[in-house]
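In structure tokens, one chain follows: the form predicted alone.
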């Protein structure tokens, strides 16, 4: 078992919602990871969909690089909803 890869588990609790990371587990392959994730993370019918991803396949940005990575978005104010004026008649936007 110690040679089995680590899988990250994502569950979608209802149709229309996003998958959310719920934890990790070791499994021999992806199919086993799905079965084990079902048993461990959806015991009370909490999910409608399960994603499993081998942990070594995930590439993440470095938090130390966040300023240079996300700073270019700051100068594009048109991407923020505060840039647009909505008429008072428009509700629930």
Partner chain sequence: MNKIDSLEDRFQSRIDKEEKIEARDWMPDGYRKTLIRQISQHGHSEIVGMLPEGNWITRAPSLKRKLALLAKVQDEAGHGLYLYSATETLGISREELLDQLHTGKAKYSSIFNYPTLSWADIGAIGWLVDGAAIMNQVALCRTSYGPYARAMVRICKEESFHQRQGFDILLTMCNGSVEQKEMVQDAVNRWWWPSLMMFGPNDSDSPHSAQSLKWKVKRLSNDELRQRFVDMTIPQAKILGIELPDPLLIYNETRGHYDFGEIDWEEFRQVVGGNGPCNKERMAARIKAHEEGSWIREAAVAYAEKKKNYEKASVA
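Numbering follows the first chain given and starts at 1. We call the rigid core the largest set of C-alpha positions that still match within 1.5 Å between the two forms. Being a predicted model, the structure only gives us computed values, none of them experimental.
Although not depicted, the form predicted in complex with its partner chain is the subject of the following passage.
Its partner chain contact in the predicted bound form: residue 48, any heavy atom under 4.5 Å: Flag for residue 48 set to no.
In the predicted bound form, residue 13 touching its partner chain (heavy atom, 4.5 Å): It does not: once its partner chain is placed as it appears in the predicted bound form, residue 13 has no heavy atom within 4.5 Å of it.
Partner proximity in the predicted bound form: residue 53 to its partner chain, non-hydrogen atom cutoff 4.5 Å: Looking in the predicted bound form, residue contacts with its partner chain do not include residue 53, since no heavy atom lies within 4.5 Å.
Residue contact check: residue 62 to its partner chain in the predicted bound form, 4.5 Å heavy atom: Answer yes; at least one heavy atom of residue 62 falls within 4.5 Å of its partner chain in the predicted bound form.
Residues in 7-24 close to its partner chain in the predicted bound form, defined by a heavy atom within 4.5 Å, in order: Contacts from 7-24: 22, 24.
Residue 66: Cα shift of 2 Å or greater between this form and the one not shown (core-aligned): Yes, its C-alpha moves 2 Å or more.
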